[in-house]
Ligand code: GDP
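The chain below stands alone and is given as structure tokens, in the form predicted alone.
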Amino acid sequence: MPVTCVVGLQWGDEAKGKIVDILTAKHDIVVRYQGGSNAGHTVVTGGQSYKLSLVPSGIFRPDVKCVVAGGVVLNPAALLEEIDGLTARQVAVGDNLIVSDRAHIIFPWHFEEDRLLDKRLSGGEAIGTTLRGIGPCYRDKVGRVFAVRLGDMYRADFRQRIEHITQAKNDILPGLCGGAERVRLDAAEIHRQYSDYAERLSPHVADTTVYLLDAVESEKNILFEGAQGALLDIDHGTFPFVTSSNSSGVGVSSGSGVPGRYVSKVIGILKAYTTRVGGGPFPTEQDNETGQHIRDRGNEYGTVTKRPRRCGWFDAVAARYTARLSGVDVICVMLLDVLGELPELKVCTAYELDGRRTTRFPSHVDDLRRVVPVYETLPGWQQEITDIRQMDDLPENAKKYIARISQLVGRPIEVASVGPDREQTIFA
């Protein structure tokens, strides 16, 4: 059955948006199934660059339905801003965008919780929150008592619900900062503002779970678009330096409502090197001239936050773990061109932990912090490859590099990307 999933296999920012944009030409529906406006996708097409956070990357093809599923936590203001920005640039956003009535909504109290907790915990190693209310909204989702879904905003008791939650949050929030601040949320203003959001979004709202189940049973071509990366998965990533959702392939079913048996192909996206944002262990990090060279060549600054990303060598131990975790069939190696000026490249093939060599990715962050990467050195190709369109035309050392990645990860290479544009893509 023609159902495909695209998953990032590192700590996010693997250029998934480009691959999703290319693949949408062969699909009827593109689905974003988890995360929130903390995740950024950049799509370059027709010489123009578009930055998306909530709208699926398939929006640039008018005949494709774009679905924001129930596993996403939604900032309505951010979604509407994105819609307005696309419309202003003549990108059609109408009945081609469908938003789940089950998606949980981010409210002002979530931003306040994020801010106050970040301020209180700023003395330690930062988990990496984007302060966009994502974690607090997921926390309320699981807690249930203060949760509000998009569909709830159209119910008669919406105002009463906002008043009840606002009163409770006004009591709770000062405790997060030890009483150092007095936080007062205005229930009437929040209700007015969010009612306006609900009205504007109403043409897009539907039960996407039923919509997608009908679609798979009708054998529609569906593309699931993951946000962030598998190493940030709340259950299987480098906890606690993770996101608040299942960002690996295992999150597809819970986020969309579509059983995993319908997914026929999983595509894993990898950078030709490794990056991460925020705190947490990063065994192959290069906090030196090499790391800065990669950062500058790859423009490694956050799509959403603009924060400089930490950069390092390719970690095959981590990538093999996430490929297995996400059930990956093939891999795409992105940003290969970024490495073009380096005389030699290193790939982490194993870790040393307490004097023993292992290819197992540790389950505990403290163990990952103590590992020493075991490197294999490969020669660089030291030439620009952005105009190459065939695998056979790549420099010999570039071909050997991606072949070694494929061997170590244990999955075949389907795509090599040599630039941000759709055209700068090489298919095996």
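Numbering starts at 1 and follows the sequence shown. All values reported here derive from a predicted model rather than from experimental measurement.
The same protein also has a form predicted in complex with this ligand, omitted here; what follows describes it.
Among residues of the shown chain, residue 65 is not one whose heavy atoms approach this ligand to within 4.5 Å in the predicted complex. Remark: residue 417 counts among the residues lining this ligand in the predicted complex, judged by a heavy atom distance of 4.5 Å or less. Contact between residue 328 and this ligand in the predicted complex is not found at the 4.5 Å heavy atom cutoff. In the predicted complex, residue 347 stays away from this ligand, with no heavy atom inside 4.5 Å. Between this ligand and the residues 78, 148, 263, 338, the one pair within 4.5 Å by heavy atoms in the predicted complex involves 338. Between this ligand and the residues 372, 44, 378, 391, the one pair within 4.5 Å by heavy atoms in the predicted complex involves 44. Stretch 330-338 is the answer when you ask which of 330-338, 315-323, 210-218, 83-91 has residues with heavy atoms within 4.5 Å of this ligand in the predicted complex. Residues of 15-32 placing a heavy atom within 4.5 Å of this ligand in the predicted complex, in sequence order: 15, 16, 17, 18.
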